[in-house]
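The chain that follows stands alone, in the form predicted alone, written as structure tokens.
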């Protein structure tokens, strides 16, 4: 068996630190940003029974970061008795979006077809956005499960964006931009976003101009939102693991420098 070197022990230590931090229930007391509060207030102040469209505009590779964001938003919307219409404009978000909506729907005792529906995936996302502005029914004649649009009770009277209180794009790329340009600018839809941390700076100009109503980003955004809804989740646990991992790395750097300079000093004295 190969002998473990010092670098191996460092990685083992990092693994144990992350594992323990994920298992512990420690309140980090994350300060909530004004951007996160704005999205929370938007959903909080909508009249119960309003219809919100949730668009899963992401790939499976970003799920560790996207899932906490999606769950926090879905839990808040269901807790406020909002009706949710799910769509996916990237193929990989289709199955993920349906499972997340189903999971949270069961948590809150919601009934599919009455409290939420998932319409599924539609290729050519720009064409789909524009088409829904004219008729959601013609864009999605059937839902993800193959049920006809007219057979779903909550969709009765929902013709186009005029009956939608807003769109929340859960994205890891640039699709939120298209929601702003085609649904927001052309049809007056209020667009908000829950995005991967790497995309936050991309959307900051849209947020500053008011074209994007509200935005939360990354694990930090998920953790802030979980604090606002008073329900812990993988966002807060992920932030704790990230924080402890950073502290561990800093500690290892300090120890490594101390060992290096002490060894250098001894060699000099020799």
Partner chain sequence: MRRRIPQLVCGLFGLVTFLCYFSSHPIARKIYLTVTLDYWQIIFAFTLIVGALSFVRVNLRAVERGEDRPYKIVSLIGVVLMPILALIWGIRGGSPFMWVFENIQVPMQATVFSLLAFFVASASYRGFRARSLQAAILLGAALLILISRSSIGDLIWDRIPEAAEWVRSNPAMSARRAILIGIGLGSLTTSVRVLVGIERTWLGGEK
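A quick note: this is a predicted structure, and the numbers were derived from the prediction, not measured. Positions refer to the first chain, counted from 1.
Keep in mind the form predicted in complex with its partner chain is missing from the figure; the text below concerns it.
Residue 95 belongs to the set of residues with a heavy atom inside 4.5 Å of its partner chain in the predicted complex.
At the 4.5 Å threshold, heavy atoms of residue 243 reach its partner chain in the predicted complex. None of the heavy atoms of residue 81 is located within 4.5 Å of its partner chain in the predicted complex. When contacts are judged by a 4.5 Å heavy atom cut-off, residue 62 counts as touching its partner chain in the predicted complex.
Residue-level contacts in the predicted complex: of 214, 53, 30, 70, one residue has a heavy atom within 4.5 Å of its partner chain, and it is 30.
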